[in-house]
Ligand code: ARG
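Okay, here we've got a single chain as structure tokens, the form predicted alone, with questions on binding and movement later.
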Amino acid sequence: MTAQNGSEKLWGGRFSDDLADLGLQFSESTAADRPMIDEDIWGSQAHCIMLGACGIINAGDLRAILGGLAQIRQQFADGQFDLDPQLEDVHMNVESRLREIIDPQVAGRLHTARSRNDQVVTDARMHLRTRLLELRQALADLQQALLDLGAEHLETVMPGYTHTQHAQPISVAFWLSSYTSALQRDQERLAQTYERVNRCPLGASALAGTSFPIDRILTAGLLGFDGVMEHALDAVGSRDFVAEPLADLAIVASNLSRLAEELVLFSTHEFGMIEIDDAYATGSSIMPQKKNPGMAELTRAKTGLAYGRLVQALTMIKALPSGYNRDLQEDKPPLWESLDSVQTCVRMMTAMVSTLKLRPERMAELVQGNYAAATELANFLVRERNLPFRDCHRIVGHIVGTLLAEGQPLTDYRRVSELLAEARQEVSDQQLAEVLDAQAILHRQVSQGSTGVEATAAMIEKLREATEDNRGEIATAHQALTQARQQTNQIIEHIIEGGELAELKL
């Protein structure tokens, strides 16, 4: 294209030449925009209806534009419309296709009172909110899998760990439900993020709003938003709606990584407390005996992607001046990639937990073999002998040290009884056997939130209720989006068939 002829871009009026091929390749965003095609069309439909309702475009132009957009939407659904990188982004692709279908002069009216700046954040928020609901549903499935398995093992003892050392006996239910509890906070964070994401920026235009008498509340309602993101400059220039879900995703990934780490660790020969199903394990090309926890290891590793994409986004938006800057074009790739990765990891962990094989005998063996009941012996002395806890801690610590030196376990009740007698505490072998029994310890744990059978059962019930509440919130949000889409479609159908906006209650 020569300088005399000028640029052919839809934005090219003041340019004497088109963007160089290298510049186009460097700056086009169609790959990142592709997931938002449907949202971009929906956004254009709602914007057009609003322009018609406000008298900014006439009924004939409204009908023509909505008819053309309906064709584009159908072409997209049929796989006949995809994004052309030569047209830079999703917005230009949709508008260019519209100009091919209807009178270009009429098609050009669609962009009245809006900018690609407010379009792109609207599209991104619309697509993101759907993805957040999908992630929350996947998390609810993982929560359910953890609770279902845990509920079968309220009295199955296993070692609890601090500093990766045996600490106190806990139940399998207590262990598994701890992850459900952590995931519940993830659910709460994502729900709060959804509320902030689901605000409509369309109508902010480039940065300063518009001199046209638009109705932003109408647009927001047609698009299923809960309200308007009012401040125009903030609406187009801020990207906390990208950073916040990325932070949520990083925290979800860290929780998944902790669970994955324990699946890896507990499935080793040394621990031997669980076995990962063959469907989610891998072998060795040289060592025929190997069964490697490959899927858990990959889940653990993919945490780095979620962390990295968060840092990428935060670095991108750091110190940007107000308003839209082209840097912000780079906000979507890390967001979509992190969503894809974390959601896949959630589904993988759900499959692994649902098929996990437990080895209760090995768990009980470990609990009995490494002094995990020592704290309960100290508590027994506090309760039954009315001694200060610090004195009891010292007595039991001395007993454990002596047993270690002698190579004897805490289940050598005769020797423990002798050592207690030296501390002027007479306790029979039979009584010690009752005090130090791992399952009995579970039943004696009575504090709220403890590994006690009743306490854990109560927590599991609460977590089940919370999980069902999560599913209810997700369903309600999905329904609201579906209803908004149906309302928009009904208006479009009414107009295309020859009806008038004035006949509708908007």
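In case it trips you up, residue 1 is the first one in the sequence shown, and so on. If you're wondering where the values come from, they're calculated on a predicted model, not measured in any experiment.
The discussion below concerns the form predicted together with the ligand, not included here.
I need to confirm a contact call. Of M158, V120, L142, L246, which residue comes within 4.5 Å of the ligand in the model of the complex, counting heavy atoms only? Filtering the options by heavy-atom distance leaves V120.
Q. Considering the ligand in the model of the complex, which of T467, Q45, S29, Q445 comes within 4.5 Å of it through any heavy atom?
A. Exactly one residue meets the criterion: S29.
**Message:** So if I measure heavy atom distances to the ligand in the model of the complex, which of the stretches 162 to 170, 210 to 218, 326 to 334, 285 to 293 falls within 4.5 Å?
**Reply:** It is the stretch 326 to 334.
Problem set entry | the ligand contact in the model of the complex: H91, any heavy atom under 4.5 Å | Answer yes; at least one heavy atom of H91 falls within 4.5 Å of the ligand in the model of the complex.
Query raised in the report: Might R116 be said to contact the ligand in the model of the complex, defining contact as any heavy atom within 4.5 Å?
Result: Close contact exists here: in the model of the complex, R116 approaches the ligand to within 4.5 Å, heavy atoms only.
- Item | Within 277 to 302, the residues that have a heavy atom no more than 4.5 Å from the ligand in the model of the complex | Heavy-atom contacts to the ligand in the model of the complex: nothing from 277 to 302.
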